[in-house]
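Presented as structure tokens, the chain that follows is alone, the form predicted on its own.
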Amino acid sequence: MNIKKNIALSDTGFVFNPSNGDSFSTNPIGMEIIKMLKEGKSTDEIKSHVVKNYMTDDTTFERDLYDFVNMLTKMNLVETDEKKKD
């Protein structure tokens, strides 16, 4: 899974989708996850980073990441494999 290349992310967690003009804000952990996704990090790399640096465990992180990715998908911030082929 990848965040769309044109998505802008500010240092304060402001997320902007120039394709449709939508904007969102996220907390610092969400901001780090989006940055890592934009860098092409794998889910395992992201999980390792978050579990190491924040007070969470693997199971909680996996559940929270699933919810976060669903939210990103609903907000049209995720690039699907089909769109990448175009």
Partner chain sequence: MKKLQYERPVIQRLNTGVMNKFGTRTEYAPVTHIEGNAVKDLIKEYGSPLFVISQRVIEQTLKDANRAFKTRYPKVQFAWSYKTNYMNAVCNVFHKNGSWGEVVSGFEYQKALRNGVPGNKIIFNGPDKAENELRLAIKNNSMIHIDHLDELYLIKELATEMNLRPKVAIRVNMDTGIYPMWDRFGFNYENGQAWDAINKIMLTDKIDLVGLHCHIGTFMLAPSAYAVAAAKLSDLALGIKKKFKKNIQYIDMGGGFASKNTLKGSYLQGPDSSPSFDQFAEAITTAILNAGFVENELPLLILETGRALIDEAGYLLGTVISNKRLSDGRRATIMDFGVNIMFTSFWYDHKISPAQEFSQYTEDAVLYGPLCMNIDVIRENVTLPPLKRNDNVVVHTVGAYNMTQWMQFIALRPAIVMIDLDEKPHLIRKRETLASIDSEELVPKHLKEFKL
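Positions refer to the first chain, counted from 1. This structure is a prediction, so every number in the text was calculated from the model and none was measured.
Omitted here: the form predicted together with the partner chain. The next part is about that form.
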In the model of the complex, V51 touching the partner chain (heavy atom, 4.5 Å): yes
T56, heavy atom within 4.5 angstroms of the partner chain in the model of the complex: yes
Non-hydrogen atom contact T43 with the partner chain in the model of the complex at 4.5 angstroms: no
4.5 Å heavy atom contact, M71 to the partner chain in the model of the complex: yes
Residues in 18-32 with any heavy atom within 4.5 Å of the partner chain in the model of the complex: D22, S23, F24, S25, T26, N27, P28, I29, G30
